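Okay, so here's just one chain, in structure tokens, the form predicted alone.
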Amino acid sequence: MSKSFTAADMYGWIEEGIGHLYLDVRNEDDFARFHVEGPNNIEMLNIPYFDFLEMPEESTEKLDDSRSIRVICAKEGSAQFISDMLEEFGFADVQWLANGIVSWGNLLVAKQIPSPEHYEVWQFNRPGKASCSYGFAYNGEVMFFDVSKDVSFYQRFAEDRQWRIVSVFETHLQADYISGGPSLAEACGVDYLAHDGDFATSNITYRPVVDGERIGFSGAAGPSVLCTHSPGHTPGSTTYVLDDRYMISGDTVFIVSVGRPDLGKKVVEWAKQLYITLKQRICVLPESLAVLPGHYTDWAREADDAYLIMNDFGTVKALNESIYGLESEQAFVSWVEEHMRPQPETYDRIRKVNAHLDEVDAATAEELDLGKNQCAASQG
């Protein structure tokens, strides 16, 4: 019988450059919508499950039996069946992804960001979504930012280090994934911090952040978080600057591109606001700040040698000179209009779910949550 592997195993193989052949047996439409991608190139084939059932010899002949094969499907059953079939055809090294493609979509990879010795900053990369959340820890306490729906991950992460969760921040009302922020804050009995511009009409209990305020840990002498209202991607978008060193930028500043301002279907109005934000509130920040974005689109351009999605703000501005160099509001609006892509149909519903204005069951939440983000104004 064939063996299983986990999404974490797969990420490790991809990061290390181990050359497995990945076989996705979902149908072509599901594969096209979302499939495994990672920090290094991988060899991937899409041969649907029913092709193997109807044409087993022809389908199997498309594979090299000298290769290590890793099989992926929606839930795991089909991948296990195909793996067993391949073993019967003489393939020696075949494994299947436990819990299916959803496990890849939910995987969080924790990496520590270089920081001063007295505190820690962590990036939690979700490669299946191409999104990042963050942790900021000091003196036995931790703050989390832009938490994804796997609340248990953050709880275990804090418990393993004997850290007490003291606050949960949201940079904006998320449109591309189900937020776990309110649930984590409620479970821990701590503040859920967000801006009125996005959450005033929600059904969520939250503590409004105020532009310019600093929020610290229990120790008065410890590092703090500066809240900078940065509307444009959404009216309530907020940038959090940690210890005057790190910019948790949400969907306002990306390593490549900026956040799309069309989610409220007010492209021109929000694009004008984003232009003002970039010119008057973001570009005045120190170029030495490490930009820690909410999303990314291109590992090769946006990750460093440790596979952290980050860069200094000076480099980010240089990479996006075609955007930051625009000298008029109209030129920026025109650029936005030229680069806008249709937003996914699911985004409206995800926003309602995240505002607790709509309820979905676990299966629907998984379906809505699956797939890469499309939050950038351009693809770089």
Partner chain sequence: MSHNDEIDCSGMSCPLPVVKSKMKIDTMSPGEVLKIITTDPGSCKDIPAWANRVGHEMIEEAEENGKYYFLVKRGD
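Positions refer to the first chain, counted from 1. Keep in mind that this is a model prediction, so the values were computed, not measured.
Not on display, but discussed next: the form predicted together with its partner chain.
A heavy atom within 4.5 Å of its partner chain in the predicted complex is found for one listed residue only; from Glu54, Glu43, Glu338, Glu57, this is Glu54. Shown without its partner, this chain lists Glu345, Glu28, Glu61, Glu321 as candidates; in the predicted complex, only Glu28 has a non-hydrogen atom within 4.5 angstroms of its partner chain. Stretch-level contact analysis of 93-101, 129-137, 76-84, 268-276 against its partner chain in the predicted complex, using heavy atoms and a 4.5 Å limit, identifies 76-84.
Taking non-hydrogen atoms only, Phe50 approaches its partner chain to within 4.5 angstroms in the predicted complex.
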